[in-house]
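The chain that follows stands alone, in the form predicted alone, written as structure tokens.
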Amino acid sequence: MRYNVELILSNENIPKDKNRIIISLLKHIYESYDKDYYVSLYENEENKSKSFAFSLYMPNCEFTREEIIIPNKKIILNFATADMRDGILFYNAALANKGKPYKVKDNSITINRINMNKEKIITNDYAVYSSMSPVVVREHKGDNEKTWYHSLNEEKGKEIFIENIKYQLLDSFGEERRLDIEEVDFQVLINKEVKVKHYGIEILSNICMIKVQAKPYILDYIYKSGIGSKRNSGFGMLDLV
């Protein structure tokens, strides 16, 4: 399920650490609409994997050292998930909070409009995706001091990325689909490295176009759930080319 949500700001300046603000908004609308669902997503299990990804479109924005200036005070929040229940709860939570300003630092965000987007159908054993939000390739060995972020321009980054993909798929589909998952492969068609401020840290990320070979059900899952690390924190949302 895919949606775009029009958000209206009370002033045109937001911090560069923008995903943090949207995560705060998501937590707020979930908690106010369905406390049990909010707890299941964010409190029952630390760093719980979630089924959704999101990206932001900020027309005519200007990046300064610490802020983003959005002249028309409008952000489009794109949201996608492979889980129908998560999609319905997102829509209902957003609708229940429509028109209600949510204060965040020196600004406020108001949900103005919610649209459901038609999804594309995948029937081939390959798909070409473009990133709607930067893709994170993360090598993580237990704690933050042993975490590295990689570029898809480098062979090491590509090795870690396929490990990230297979870990994500095994977590979602389980061991019974391991044979299909082991066959997954990819090619980087275009990539540009970017650094994104996230919770005070500059994260090396990738704005890219990739071709993925896999069974159609796996390609469909990637299309709807995103790819790479930190998908539910504003990274790794994809569209089909």
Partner chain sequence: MGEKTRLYMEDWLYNSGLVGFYNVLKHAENDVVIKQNYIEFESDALVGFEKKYFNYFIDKYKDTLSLNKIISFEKFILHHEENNFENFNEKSLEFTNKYISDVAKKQIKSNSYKSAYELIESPVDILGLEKNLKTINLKKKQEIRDILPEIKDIFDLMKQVIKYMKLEESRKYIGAKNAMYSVIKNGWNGVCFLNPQTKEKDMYIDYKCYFIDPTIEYLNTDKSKFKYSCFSCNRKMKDFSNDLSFLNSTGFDVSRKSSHVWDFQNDIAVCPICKLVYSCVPAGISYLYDKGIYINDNSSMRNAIAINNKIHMGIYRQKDEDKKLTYKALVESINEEYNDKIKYELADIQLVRYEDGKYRFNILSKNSLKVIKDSEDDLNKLINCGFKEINTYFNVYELVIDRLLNSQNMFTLIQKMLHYKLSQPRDSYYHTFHITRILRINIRFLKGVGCMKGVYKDIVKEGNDAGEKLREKYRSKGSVDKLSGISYRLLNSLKTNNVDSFMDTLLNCYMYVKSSVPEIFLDTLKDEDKFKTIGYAFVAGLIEGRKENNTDNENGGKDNE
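Numbering follows the first chain given and starts at 1. The structure displayed is predicted, hence computed values, not measured ones.
Keep in mind the form predicted together with its partner chain is missing from the figure; the text below concerns it.
S.K.: Can you work out which of Y102, Y167, Y91, Y126 has a heavy atom no more than 4.5 Å from its partner chain in the predicted complex?
M.R.: Spelling it out, the residue with a heavy atom inside the cut-off is Y91.
S.K.: Quick one: M1, Y33 and K118 and its partner chain in the predicted complex, is every residue within 4.5 Å by at least one heavy atom?
M.R.: Per the other structure, all of M1, Y33 and K118 touch its partner chain.
S.K.: Might I162 be said to contact its partner chain in the predicted complex, defining contact as any heavy atom within 4.5 Å?
M.R.: No, no contact at 4.5 Å.
S.K.: Would K18 sit within 4.5 Å of its partner chain in the predicted complex, counting heavy atoms only?
M.R.: Residue-level check for K18: no, no contact with its partner chain.
S.K.: Is there a heavy atom of K230 no more than 4.5 Å from a heavy atom of its partner chain in the predicted complex?
M.R.: Answer no; every heavy atom of K230 is more than 4.5 Å from its partner chain in the predicted complex.
S.K.: Is there a non-hydrogen atom of R85 within 4.5 angstroms of a non-hydrogen atom of its partner chain in the predicted complex?
M.R.: So R85 counts as contacting its partner chain.
S.K.: So which stretch, 93 to 101, 150 to 158, 69 to 77, 130 to 138, is the one near its partner chain in the predicted complex (non-hydrogen atoms, 4.5 Å)?
M.R.: Looking at the other structure, the answer is 93 to 101.
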